[in-house]
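The chain that follows stands alone, in the form predicted alone, written as structure tokens.
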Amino acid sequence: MSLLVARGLRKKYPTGVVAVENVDLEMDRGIYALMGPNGSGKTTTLSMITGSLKPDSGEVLVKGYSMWGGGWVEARKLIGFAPQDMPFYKHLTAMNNLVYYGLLHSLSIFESKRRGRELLEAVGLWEARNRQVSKLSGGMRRRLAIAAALIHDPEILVLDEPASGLDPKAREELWSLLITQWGDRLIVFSSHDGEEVERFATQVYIMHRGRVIEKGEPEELKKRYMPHPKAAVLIPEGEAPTIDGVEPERVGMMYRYPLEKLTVEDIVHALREGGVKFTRIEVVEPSLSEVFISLTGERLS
């Protein structure tokens, strides 16, 4: 059996919004992404598979243990969860927060301190161990959140938008740390950044309006839905015409022509001949962001 299996997950909030509808997941060791824009159901899904939020229906199995059934104690021990805003005691130090999380996971005070030191060294925060969390930078707090999620040495690490708000350098450092230190486990993360998912995920579940609409390896999905680059044309007024039988995809004022039968020169010539005013044209290489647009007609972020 796979390390993590979810079947038929559904969650409707008291406001009447159905956040997640009939979501199925199956994951083993590797790096899996839930990719979708804000509001697509990613955070709700992660909350249900980690035991933080009870689904209205469906089941979650963690190494065969039922998260919402008789095996919930064993299931929760196997998962470490770092939400976007980890609930730290900001007046306490980095080390004391880790000790607190260790005690929550039934570790002894000695084991909590030992694991705290080990993890602070691993995430590069040992020198900041006595600094209050309120005085840590955003990137440092994100690394501390990962350490807290790993305090009980779980087999599965779940991260909600782990690189959100980080600058490119901090994002690279974070992912380098995750892959080199814990890449042999199952890492599940959510993201609305197609480039991040493309670079770091081995498998991706694409979510839209509470449902999984596609899944697979990033390269395989690009080959399936974006086998050719496209020419993206910005037309502030009017509409782009069909050129030589090729109709463009439209997202707002952007029109995309697949460069399979056409060249950029063909497109520019046809637009000028037709009196269509455009302000920019560029070649867009296949990407997961473009796959999302192809599937939904909407932008990823």
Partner chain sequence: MSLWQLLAQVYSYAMSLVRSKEVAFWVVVFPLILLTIFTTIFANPSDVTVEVAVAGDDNLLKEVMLDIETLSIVNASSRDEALEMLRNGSVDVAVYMANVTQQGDIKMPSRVEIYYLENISDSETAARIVEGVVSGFEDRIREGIVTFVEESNVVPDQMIGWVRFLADPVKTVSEGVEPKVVMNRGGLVLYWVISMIGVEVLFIGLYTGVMSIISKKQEGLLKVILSSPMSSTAMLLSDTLGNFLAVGVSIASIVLGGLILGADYTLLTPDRMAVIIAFSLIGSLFMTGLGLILSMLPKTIEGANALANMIAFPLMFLGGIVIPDIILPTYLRDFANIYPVSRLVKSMRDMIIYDIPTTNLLWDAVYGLSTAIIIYIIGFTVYRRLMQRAVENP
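Note that the structure is predicted; figures quoted are calculated from it, not measured. Residue numbers count along the first chain shown, from 1.
Omitted here: the form predicted in complex with its partner chain. The next part is about that form.
Contact with its partner chain in the predicted bound form holds for all three of 11, 51 and 86, each having a heavy atom within 4.5 Å. In the predicted bound form, at least one heavy atom of residue 100 sits within 4.5 Å of a heavy atom of its partner chain. Looking at residue 192, you'd find every heavy atom of it more than 4.5 angstroms from its partner chain in the predicted bound form. Contact between residue 215 and its partner chain in the predicted bound form is not found at the 4.5 Å heavy atom cutoff.
Contact check for residue 72: a heavy atom falls within 4.5 Å of its partner chain in the predicted bound form. Of the residues given (115, 77, 222, 208), 77 alone sits with a heavy atom within 4.5 Å of its partner chain in the predicted bound form. Contact with its partner chain in the predicted bound form, judged by any heavy atom within 4.5 Å, is made by just one of 105, 141, 171, 185: 105. The stretch from 256-264, 43-51, 57-65, 234-242 that comes within 4.5 Å of its partner chain in the predicted bound form, counting heavy atoms only, is 43-51.
Looking at 179-202, no residue comes within 4.5 Å of its partner chain in the predicted bound form, counting any heavy atom.
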